[in-house]
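Okay, so we've got a single protein chain in two different forms coming up as structure tokens, structure 1 first and structure 2 after it.
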Structure 1
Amino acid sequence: MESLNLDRHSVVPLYFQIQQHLLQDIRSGRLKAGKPLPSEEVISKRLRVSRMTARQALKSLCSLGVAYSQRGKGTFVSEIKLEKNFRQVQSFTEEMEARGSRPHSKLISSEVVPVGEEAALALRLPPEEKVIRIRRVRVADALPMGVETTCLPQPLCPDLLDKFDPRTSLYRTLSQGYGIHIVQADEVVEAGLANSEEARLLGISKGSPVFLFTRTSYVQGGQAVEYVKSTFRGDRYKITNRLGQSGNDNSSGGGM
């Protein structure tokens, strides 16, 4: 920060000058992934700017996805974003282990509840049916990544809540304990903003960009066995897919 000379007469806002300086340090590797950025107080004192200006500079870096904040701890340089690959059916645990991360889950709640309209439609269940609902915060390398709510038809695994350790992989428990092997899933992703509860659980600011996932999973015979709604941090995830032309028709008049 000592090398930064702010131009206080420029039309470029001070917060943006600070943001660009820190961004250059991040991209050059001088500020490495996982390391803390200077705090609001440090920036304010060293550069003789208001705390609000310092806060705006740090917040704008979080909006770009190159930094993330943890309540009560500070702002840190982001790791490379984790890719969500739609071509594979994987649990969160499997995804994180495949990338060399240490997955973990924190249980919010686990209970048997009425199925509800959305889950009943996805799981093709009558309205009087009960489901097992498990809500967890999914964690990778001690960093909260997402909030996940899973619904499973109770008759498929009636004693699941007694047998399942919510810190571990649900898919492995279903496979090993009940012979339920998920082989296919329909998944929809939308962009959204974190609400108050999600922000608190994920350690981010309310209104931060998030991905909203809705997934229905199936076994080999086509039976729907899992309905999941989850919210994942936009600063820690990116979506990838492989696209290709269908057929050999090159007569399209448009381009990308």
Structure 2
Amino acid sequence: MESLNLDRHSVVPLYFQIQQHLLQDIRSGRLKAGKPLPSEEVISKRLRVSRMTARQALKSLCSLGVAYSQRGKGTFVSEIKLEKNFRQVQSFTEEMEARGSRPHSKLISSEVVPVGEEAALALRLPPEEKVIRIRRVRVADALPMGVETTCLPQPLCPDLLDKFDPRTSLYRTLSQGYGIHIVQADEVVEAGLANSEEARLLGISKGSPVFLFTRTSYVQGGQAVEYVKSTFRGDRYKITNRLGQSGNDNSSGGGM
């Protein structure tokens, strides 16, 4: 903390530089769970930033879930470790890599088809529009985890099926090949039962418990670019979530 040199002309906001530095102190164990972080006042004076900026750095740590504030007492390092995040947009590939698993995928089908009613609504496309539909079995460490059907508006990435190796990360291809960066998504989770096809593909019995995910993903600016329905094994998949206190301001994050 004493050794932090802020770059006042960087495009990186000051509060973010401070947040990152504190995060490193926490990860490295220099700041231990339950111990107080430097107060707003201290950060403000030591780094010669306004108190509001120091405050923003601390609050951003609170919304990450790695710290919590107590009025009149201070801001403390959170007891719980999880930094992985049910709140972060992540592809299956990113998620599994973050957990230390080796992800890959088996292609079931990939084709250009008319957008269905459901996907048209989610993607806000006219009903005559075409979408690229990719169905894959998602695999982690050689174990089948789920079946996923992705729909993308065809005009957005017309030659995707030529460029994309379906065993790899779709999000990476979209980002690197088309400049499409997914920054937000809405996800609905339901509990259901595997149908015969899903059971066969996943190597489980028909009627086994599964999670049903429905996700609509957006780029900066709010345009919907992806509609995904997936079925994941209930015996191999868990969602974990960190809940924070009530709702005027920040909150925190969990993982799986």
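Take the two forms, find the largest set of C-alpha atoms that superpose within 1.5 Å, and that set is the rigid core. From a predicted model like this one, the values you see are computed outputs, not experimental measurements. Counting starts at 1 with the first residue of structure 1 and goes up one by one along its sequence.
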Which of these two, 1 or 2, is the form predicted on its own? 1
Core aligned, does the CA of residue 71 move at least 2 Å between the two structures? yes
Core fit, then residue 44 C-alpha moves 2 Å or more between the two structures: yes
Using a rigid core alignment, state whether the CA of residue 61 is displaced by 2 Å or more between the two structures. yes
Students should find the CA displacement of residue 23 between the two structures, rigid core aligned, in Å, to be 39.9
